[in-house]
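Next up: just one chain, as structure tokens, the form predicted alone.
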């Protein structure tokens, strides 16, 4: 994982925040893993009366969280969440971070140990612009939703929506809801979502719950 940056900026952060908040019940216990400057957690605390905790690696983002009054731990997600007891949270938010950790499947299963549900937002490397750049230019893609050159990118894994569904089938969790984000909105059903969505929100639960 990139040592410099864990939180990846989301060009549609207002839309993503609203989408995540719409899936979190008022008064819930919420942990945001890779919480950045704590913007979302602050809104959940103030507007939804949630009990919140952030986890962030980047020191500047960590300080920004503290400045907002958001409780936060500075920790590396690759080293696990063993200090957090099972079932401590109702919801875990994992937005634009999955592709940055070394072992995504293990981290997802650990997240669903500490939280009843996980809200996971991932970039979709199957988007047509990404494919076109690779095919026509023969170079690592740079798009609005993937703004970094390959040598600066915090991403260490490159997944598509199909890959995520496959991961869910292999892991000890299931997809409760899949919302492709196309343009400036999330849609419940979409034509060719793996080609058109630049990112997607997944609601996950442990299998058997």
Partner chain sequence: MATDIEHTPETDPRSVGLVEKQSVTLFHPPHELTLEGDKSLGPITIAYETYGQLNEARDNAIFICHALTGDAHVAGRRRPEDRKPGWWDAFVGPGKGIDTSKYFVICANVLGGCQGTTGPTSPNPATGAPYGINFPFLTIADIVRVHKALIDYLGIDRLLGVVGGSLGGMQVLEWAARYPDSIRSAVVLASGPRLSPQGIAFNAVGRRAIFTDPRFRDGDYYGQEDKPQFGLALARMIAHITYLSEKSIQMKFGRKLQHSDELTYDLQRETEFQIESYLHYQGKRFVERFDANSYLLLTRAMDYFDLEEAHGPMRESLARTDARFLVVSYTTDWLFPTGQSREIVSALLDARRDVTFLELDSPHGHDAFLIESELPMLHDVVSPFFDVTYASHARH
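These numbers come from a predicted model, not from an experiment. Residue numbers count along the first chain shown, from 1.
Not pictured, yet referred to below: the form predicted together with the partner chain.
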With heavy atoms only and a cut-off of 4.5 Å, decide whether residue 140 touches the partner chain in the predicted bound form.
no
Would residue 164 show up as a contact with the partner chain in the predicted bound form if we use heavy atoms at 4.5 Å?
no
Even though the partner isn't displayed, in the predicted bound form is residue 169 close enough to the partner chain, meaning a heavy atom within 4.5 Å?
no
Please check if residue 27 has a heavy atom lying within 4.5 Å of any heavy atom of the partner chain in the predicted bound form.
no
If you check 159, 182, 66, 50 against the partner chain in the predicted bound form, which one has a heavy atom within 4.5 Å?
66
To verify the annotation, which of these, 108, 72, 77, 130, has a non-hydrogen atom within 4.5 Å of the partner chain in the predicted bound form?
72
Can you say which of 79-87, 96-104, 115-123, 131-139 gets within 4.5 Å of the partner chain in the predicted bound form, counting heavy atoms only?
79-87
